[in-house]
Structure formats: structure tokens, C-alpha cells
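What follows is one chain in C-alpha cells, specifically the form predicted on its own.
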Amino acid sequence: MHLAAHFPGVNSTTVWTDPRSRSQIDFASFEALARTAERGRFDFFFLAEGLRLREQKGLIHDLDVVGRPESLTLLNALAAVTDRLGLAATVNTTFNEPYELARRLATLDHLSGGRAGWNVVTSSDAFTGENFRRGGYLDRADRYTRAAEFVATARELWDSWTPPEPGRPDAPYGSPRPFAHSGPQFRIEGEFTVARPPQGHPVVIQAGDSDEGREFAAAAADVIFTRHGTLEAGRAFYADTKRRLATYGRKPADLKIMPGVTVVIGDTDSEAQERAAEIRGQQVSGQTALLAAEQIWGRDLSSYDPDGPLPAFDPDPDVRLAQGRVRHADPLAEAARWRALSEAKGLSLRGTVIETTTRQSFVGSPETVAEAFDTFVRTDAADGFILVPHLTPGGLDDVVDRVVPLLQERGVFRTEYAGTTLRSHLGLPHPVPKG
């Protein structure tokens, strides 16, 4: 079983107003959560990306009140205060260039002794693109085309150093060879400035559940970061994604499937359920519920009662109040889904938001959660989990102190790190250089 920790920052899963929650931007918070993950022998620490502050009705969204620091800078700092924990950064292929990003990832891999990971994401968001010189220039259909060539180009660059030869103390890291890449997206040539990373290639992670995302992961990723709600849905996703690997000459073990999940622990199952309900109530305040509904309806709903019914009118699909957030592809269809759910379960607007935004959650006593984790992995619904705590930096303590020891007793999770690199934690092969 593989476990990773996500630093959520201020987000929809976070209760950032809780008195136990500390700074979302001070380095001490990142360091504390990373040290907890390493104490639990987790595979890696995971950071998301924010390239523009999100807005709603022309104002900065309350989830972005503390800003969004840059991931690779943070992970380089964390490399100095951790020893074995993998360090994975989310970095966009739409708004970066392969040469520069390959340098930054290779540098992190060297500085950390082979613990770098790269969560590959794409964007067609013109609002975010306004922060970059080319703006929102990339059509949605082209996102994965560029991403695939981007990753392949980065790998060409990492492979462009000749390995060190015995008896050559003057070239302990080998030597650069000229490279030349010419493709539809990029045409670059020269010599790469950083020696081949200790892992050969930093671990590549793909986030997303879409058909395009699954295909991209099957072709190019080492880990896929997913969301699926039930054991049955997880098994279906697992089987479908692993099946695609054969097309690219890969084995099922070459891609690890790790859904993002939340965990709530109590002394008993009933106590944990009460805590989970309380947390969801904190995560989805009345204001948060109205903001979520506005993203679908495209109308100011601030005068509505969040504990009352859904708006009676249909959304206007041509109006957008939120910027920088994932847009619902069909607001009319999404509103219809919300109405059907609300009517079937007798939910208020806020209750409907809670119901539709809840992640895969494990709620119960430590024994219940350990059993559920084991069942998911043993029955091919996942290879492990990326844990998303609702508090930072102390949100992992219950899992590390009360669930991990039970998994270790079952013999399904490591008691010590066997290797020093992220690839070794994940059981991934060391890439053989090409060329």
C-alpha cells in the first residue's frame, strides 16, 4: 500500500478558520505536515498549484485569501528538512516550457537525493492565461497533445547526459550530449545544463479522471491522482485504467492508482460519524454553499437562504460569475442533477452542496479505517491513497499515530523505508536512458 500527504492550503476541504489550524503559508506549517508524513513512512508529500487568484463576482474568492505560493520553491526548502519523503509538485504544461521546467525538476531531484515528483496538469482557462505572455491561447482539445509532447521532451532532456565512466574523476556526473527536439509543439536544441537526475526521470503523476486523462496516464504517468466515490467505482476505474497500459507496452505495476481521500477518526465509529458531520458543516458554510450554487446558476444568489430550496429558475449558461475555477460543462444539466438529488433526499441548497462536493471519505475508528484501506487495495480499487487533511498542519496526526500502526501490523504498509528515492518507495523501475 502507498500513502501520500496533500497540503491542501485554503481550499474547499479545509477548515481554515478552526482555531487548531495554523498558517497556510508560513514554512513552519509545510515543514510540520511533511515531517508528520515522513514519520508515518509515507511515499510522498504533494503540493497543488495556483497560477491566478480565483475570483467570484469580481472579488478575490475567499479560498484564496492567503495567496498561493509556488510549489517547486517550497519543495526545495522541504528537501533540506526531510530525508526520505518524496516531494511532488503540481506544474502546468500549458504555461511553462520544457527546457526550463526539466531543469527545475532535475535540480529538485539532485538536491533531494532522488525524491522529486511532477504532477502534470493542463489548462485551457483563458482567465488564468492572462497572467502569461501567451494568454489563454491553447484550445481545450489541444491540452493533452501539448502535455504529451512536453513530458516526452523533458525526458529527452533528462536523458541527454552520457552516464559517468569508471576512472573519469573529472566527469563524476557524466557529460552533456547535444540534443535536438523538433515536434508540433516545441523545437529546441542545445545542451542540457543539469546532469541526469538520480532517479533518471522524476516520478510523473497525472491528475484527473476523464477519458483523456486516463489515456495520458496509461501512456506517460507513473501515478494517477484520481477521485472516485465508492469501492465499486474504484474497481471499475482501476480495471479500465490498468487495461489501457498494455497498448503502450507497459505492465499494470508501472502505474500506481492513488485516489485523493479524506479521513475522520474517532474512538468509535459513531463518534467518527459525528465528527465527520461537524467537519462537513464547517467546510460548507452557508456562504460557501451560495458561492458554489452561483458557479452553476451564473446569478447573484446572496439574498437566498442557504438552508432553503434550490433556485426555482434555470441557470444562464452564458453568464459566468466565477473566474479561475473549473467550469461546469453544462450548467443546465448540473442544475437538473442537483434538483433531482435535492428532491430525492429532501436536501436544502446547502445540503445539496455538501452531498455533491464530498470526497471519497473514510470515517470510523482506527480499526474500521485500516480495514477499509486494506479492502480497497486488496480488491483492486486502488494501490494507495493521497490523504487530504481538513486541518493543517496537524490533520495527519490521527492517521499516522492510530491507523498506520494497524496497517503495519497487518503487513500491508512499510515499517521503514527500504530505499532512498521516490521511485523505490513506489516500486517503480529506474528508466533506462535513450540515445
Partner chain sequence: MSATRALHLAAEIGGGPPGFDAAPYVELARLAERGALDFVTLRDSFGRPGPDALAVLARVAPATERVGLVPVVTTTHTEPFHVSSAVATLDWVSRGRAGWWVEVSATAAEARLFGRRPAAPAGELWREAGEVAEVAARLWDSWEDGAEIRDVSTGRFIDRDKLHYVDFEGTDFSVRGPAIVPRPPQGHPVTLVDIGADGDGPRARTAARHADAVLIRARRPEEAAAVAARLRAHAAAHGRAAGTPLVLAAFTIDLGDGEHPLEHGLVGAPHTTTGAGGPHYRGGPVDLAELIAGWHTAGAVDGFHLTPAEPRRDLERLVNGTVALLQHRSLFRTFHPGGTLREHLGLARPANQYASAGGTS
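Numbering follows the first chain given and starts at 1. Here the structure is a predicted model, which means the values were calculated and not measured.
Only in words, not in the display: the form predicted together with its partner chain, which the text now covers.
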- In this chain shown alone, the residue from 141, 277, 80, 239 with a heavy atom within 4.5 Å of its partner chain in the predicted bound form is 80
- Could you spot which one of 103, 250, 155, 235 gets a heavy atom to within 4.5 Å of its partner chain in the predicted bound form? 103
- When its partner chain is placed as it is in the predicted bound form, which of 192-200, 116-124, 309-317, 264-272 ends up with heavy atoms within 4.5 Å of it? 192-200
- Task: Please run the contact check for residue 22 against its partner chain in the predicted bound form: heavy atoms, 4.5 angstroms, yes or no?
- Result: yes
- Message: When the contact criterion is heavy atoms within 4.5 Å, does residue 409 count as touching its partner chain in the predicted bound form?
- Response: no
- Should residue 377 be counted as a contact of its partner chain in the predicted bound form, where contact means heavy atoms within 4.5 Å? no
- Item | Interface membership of residue 99, its partner chain in the predicted bound form, 4.5 Å heavy atom rule | yes
- Item | Contact set, 109-130 vs its partner chain in the predicted bound form - heavy atom within 4.5 angstroms | 110, 111, 130
